[in-house]
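Form predicted alone, single chain, as structure tokens, below.
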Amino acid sequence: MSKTPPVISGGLPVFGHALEMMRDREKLFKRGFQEAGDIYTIHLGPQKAAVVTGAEWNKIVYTQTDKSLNMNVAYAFLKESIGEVLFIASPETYVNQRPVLQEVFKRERMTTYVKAMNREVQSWLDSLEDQGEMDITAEMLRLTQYVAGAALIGEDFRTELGEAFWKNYGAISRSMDPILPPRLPLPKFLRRDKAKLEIKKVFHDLIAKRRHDPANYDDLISTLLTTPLKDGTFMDETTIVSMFTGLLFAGHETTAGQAAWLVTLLLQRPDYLRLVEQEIDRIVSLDTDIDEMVLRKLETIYWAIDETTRMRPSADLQIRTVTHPFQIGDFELPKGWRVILNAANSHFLPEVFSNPYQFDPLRWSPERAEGKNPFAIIGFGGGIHKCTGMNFAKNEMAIITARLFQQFELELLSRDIRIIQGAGANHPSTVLVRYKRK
């Protein structure tokens, strides 16, 4: 008889480990790993989930996605917030939508996005006083909103989206909850549904403008309107709104959290920050944009980005649903179970990463090449569903880092900086810094 993974301690009647996961899932996952090793079971109410750790098992989960494992059932809470698009959609719908995604992130468009990143980052820096204090977490959220708006809508995004857009979008983001049923009549879900209606009204007008005068626009909405799906049809208005909302979540909120952590971790390691500033001085001109040629030379910054993805990923877990009995290691997972990939353990295995709890970007240098197995890190996913906008996010973080430390001296004031979970993508708590223009 096949066996399922061992159940770890601490489960409560009815709720199982759900309350503990809501309070501190990192602590839960680490305790499970200490008790039972690479593969173990937790109970999330009536739902059973196998938590797996390590590149070997991560690879199996990624390669079995859309085969024995399914994404869109596990992410029903995202589907309720965004719609049936991207990885939230059924495998068939996702494959049908892929030509549009490839068009959105093709290389020629990335050049346009990089220009928008340069413009908005410099505009933000110019808006700062010559010296003062600021909360990096809040600033990165606002800045990445501006970058996403400028890249996906164009320079007139503030006028086109309107003042209420980001407030409504925030209500949708804060409603995302992987534990609670997404249709409970809770205030955050009611606010989500109201916000979705308001955002749909905004996009109804934007879509109508582009249909009326298509030659005057070359942005994400016009791309979604004019790029055929794999089956030759085009997206309807509801799908366009969902796709934009999904790309916005992937393109700004996850980046905001990691950009804030990136600045924080660099300030906590002044010795490595000196290497970054020396590289900026050598490579980055103050008078010209940071284009793709310059970006390719910013080694120490990209190593720091990869190290931030390891230590403080915005996506610290990924979920699948078992659609057919699924063998992993010595265990067989029955249909209907969940599988959870977790960064809490995979990203800190000492046999993969030396001194894993130390922020050490040089581990990503060619000389050391730690974590060279692509499945050792889950921060941007893996397999066919690996994050399409990964390069967009990394380029944005590189430009923010290069320009910020090129033009300002920063001093970290906050000491007790925590990971905030359960309110959109993971992000740091308040990060106060004192800044002075160079």
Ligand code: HEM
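It should be emphasised that the depicted structure is a prediction, and the values quoted were computed from it without experimental measurement. For every residue, the number given is its place in the sequence shown, counted from 1.
Keep in mind the form predicted together with ligand HEM is missing from the figure; the text below concerns it.
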{"item": "Within 4.5 Å of ligand HEM in the model of the complex, all of Trp124, Arg142 and Phe405 (non-hydrogen atom)", "value": "no"}
{"item": "Any non-hydrogen atom of Leu28 within 4.5 angstroms of ligand HEM in the model of the complex", "value": "no"}
{"item": "4.5 angstroms heavy atom contact with ligand HEM in the model of the complex for Tyr75", "value": "yes"}
{"item": "Non-hydrogen atom contact Arg320 with ligand HEM in the model of the complex at 4.5 angstroms", "value": "yes"}
{"item": "Thr388, heavy atom within 4.5 angstroms of ligand HEM in the model of the complex", "value": "yes"}
{"item": "Residue among Ile240, Leu262, Leu247, Ile172 with a heavy atom within 4.5 Å of ligand HEM in the model of the complex", "value": "Leu247"}
{"item": "Proximity to ligand HEM in the model of the complex, single hit among Ala343, Leu86, Leu333, Ala304 (heavy atom within 4.5 Å)", "value": "Leu86"}
{"item": "Proximity to ligand HEM in the model of the complex (heavy atom, within 4.5 Å), stretch among 254-262, 277-285, 226-234, 350-358", "value": "254-262"}
{"item": "Neighbours of ligand HEM in the model of the complex among 293-317 [non-hydrogen atom within 4.5 angstroms]", "value": "Ser314, Ala315"}
